[in-house]
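In the block that follows, a single chain appears as structure tokens, in the form predicted alone.
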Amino acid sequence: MKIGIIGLPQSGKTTLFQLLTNNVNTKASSKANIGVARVIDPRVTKLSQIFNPKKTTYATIEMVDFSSLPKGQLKNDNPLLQALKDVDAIVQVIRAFGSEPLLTGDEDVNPMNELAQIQSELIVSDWSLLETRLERIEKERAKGVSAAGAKEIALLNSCKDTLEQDLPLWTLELSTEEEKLIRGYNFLTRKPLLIVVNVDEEQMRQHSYPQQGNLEAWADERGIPVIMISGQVEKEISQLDEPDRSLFMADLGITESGIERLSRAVYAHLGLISYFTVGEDEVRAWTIVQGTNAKQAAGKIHSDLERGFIRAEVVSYEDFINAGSMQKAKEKGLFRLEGKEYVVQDGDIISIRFKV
């Protein structure tokens, strides 16, 4: 999965990228920065403490930090918008701290305006793409060479009508067939969206920032996660050892870093879950889409496991922890033998039996 991080100048998106990917040397630039973020899962940490393996592997997500542009320069033919079409989801970083003028020309920090500005640009980009496509279809149909069917044309016109109402395309409820018809267009406003509000330390302590009610109401209405993060605080947390880190976070009234919350929120918003393999060599989280069956999940480890799949030995993370050990879990009958059609659940600990 590839996640695009966007935001206006001074929003703190590159700082966020640095923290997510543990790459403090990344600089804001005109080109995209690419890195990998770990999805810090407390269950993996706990399993690693129990098995003490040679290696612990968390789930990961590829992050792309896109260059930011001042107000009025996000044109449809801009490389930023074109490159965004390749990502699976978008994280928009919004600045909510400080009072000095921004490079956007705004006199004061205005989270709602900052949100609306980029969202409007994405809507215009999709509208322009649709306009161009519909014009091409009309010309091709006049020549009798168009491959577009009546259903596709009707759907594209419906999408255009939605955008002209200043609404993103994810507000449209589409059937499976309709989703397939427009998938190739990679519309920006059809991609899952998460919002990160970048606050200062005092705002983090108060759990409050300007226009918070309006922004969260806007997001709630649309089913968009909002994560409050302080880049300033996160930098300090990352530089502390564990005892000081815990004390500092307790003083702020938080139990985990914003970076940990964000990585998991991205994961969940994309409909992803983890199952685990454990042992002395490695404890590892494997990423799958919710609804994946056991045979397909085995293929994530190796194609041989999927091809020669016999059955899966499964115990839930909660059952294993409550039992205290693998042996006790087996004695209590908590392990199950599941066939290839078993739908893997988030947190399953799985051992694959196979023969090639």
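Numbers follow the displayed sequence, beginning with 1. Every value quoted in this text rests on a predicted model; they were computed, and no experiment measured them.
The same protein also has a form predicted together with a small molecule, omitted here; what follows describes it.
Segments offered: 170-178, 273-281, 124-132, 223-231. Contacting the small molecule in the predicted bound form at heavy atom distances within 4.5 Å is 223-231. Although the partner is absent here, F97 sits close enough that one of its heavy atoms falls within 4.5 Å of the small molecule in the predicted bound form.
The small molecule in the predicted bound form is approached by L8, whose closest heavy atom lies within 4.5 angstroms of it. Using a 4.5 angstroms limit between non-hydrogen atoms, V199 touches the small molecule in the predicted bound form. At a distance threshold of 4.5 angstroms between non-hydrogen atoms, T21 is out of contact with the small molecule in the predicted bound form.
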